[in-house]
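The chain below stands alone and is given as structure tokens, in the form predicted on its own.
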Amino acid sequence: MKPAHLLFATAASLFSLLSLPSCKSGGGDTIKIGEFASLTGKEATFGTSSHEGTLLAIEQVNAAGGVLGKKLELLTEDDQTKAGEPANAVNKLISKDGVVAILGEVASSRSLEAAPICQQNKIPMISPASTNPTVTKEGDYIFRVCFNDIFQGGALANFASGPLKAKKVAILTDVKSDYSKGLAKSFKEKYASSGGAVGIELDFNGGDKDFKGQLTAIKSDAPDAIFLPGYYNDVALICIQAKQLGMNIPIFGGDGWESESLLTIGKDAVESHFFSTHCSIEQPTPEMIAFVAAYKKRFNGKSPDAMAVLGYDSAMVLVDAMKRANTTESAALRDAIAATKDFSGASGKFSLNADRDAVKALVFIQIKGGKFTYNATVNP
């Protein structure tokens, strides 16, 4: 017979083992998923859209019975479009809330701030729309459901020399944005290597209000077009001031333009200009049609944008990986996300490559009649 204190220790150990959460679906009554997004601040439309898409996905999954026998619980932190806040947000979600995975962010700078923390803690992170190539280089727990700017920059360079017939392009870059700098670099390399002439290259600080000095210098350089890889709020003001200076040349950029606020701020000054983005809600696929209908029903008739679509797809990729892994254990979940192949998302069909980037098509949008109008598709 064992002494009483050993019997008590054995019983306590057995009780502790029986009380451990199931390894298949995580502890507690729900599976906690973290999200960080810019719900306030100067780029709040990005975070609001991606959050709404993410929320719709979570609600649909829960209505269908959840995952691994449990409902999903979405815990969202507002990073306020401020440096320093993404780190605070993901640290809280991981250490205090105990999330099994994190969704976010749209902006590359904010994803780059959060990614090392997720990597260190071995918590899978899926960005809906951060396109800077370095984001997924932070480690093997970092993923995205969008293309990167090597592909986007090349497509924009081909667009400039092709449909735009621009032999000389000026570049205006936001030096505070990793997204803007990365996309400018990719564009410049491809455009120059294909025979295009890069004209004057100038920069600005995101949040500036007066761009007339840069625009006057660009006008004097007489380019055929201006490449503006920025975010919608700055882009709208730049287009307004370019119009005031009588600059009647095409201005074009990337997915950072994607916001209805570009139209409400820029009005007729953004008319006829172009940008590349991840998808068009005009795509006639069953997945996009179903998503748009569900989104409008959930959000009182509001039309989604590409950031909402990608927020939805990021959540659905995570759910699909959970089902295939049959667990929320971090390494197994990471491996399942990495194995995502031929996923039929609302934004289109895509697979994740060895660098954990989505291999997928890109679309061009032209602003016509005060609306975003589908122009062309570029396949990878």
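Residue numbers run from 1 along the displayed sequence. Remember, it's a predicted structure, so these values are computed and weren't measured experimentally.
Although it is not shown, the form predicted together with ligand PHE is what the next lines describe.
With the partner omitted from this view, the residue of A107, V235, L172, M125 that lies near ligand PHE in the model of the complex is A107 [heavy atom within 4.5 Å]. Not one of V100, F143 and I337 is positioned with any heavy atom within 4.5 Å of ligand PHE in the model of the complex. In the model of the complex, ligand PHE stays beyond 4.5 Å of every heavy atom belonging to D79.
Residue contact check for F36: none of its heavy atoms lie within 4.5 Å of ligand PHE in the model of the complex.
Using a 4.5 angstroms threshold between heavy atoms, G256 counts as touching ligand PHE in the model of the complex. Proximity of V309 to ligand PHE in the model of the complex: non-hydrogen atoms within 4.5 Å are absent; the residue sits far from the partner. With the partner omitted here, the stretch from 290-298, 266-274, 125-133, 190-198 that lies within 4.5 Å of ligand PHE by heavy atoms in the model of the complex is 125-133. The partner is not shown here, but in the model of the complex the stretch 219-254 reaches within 4.5 angstroms of ligand PHE through a heavy atom at Y231 alone.
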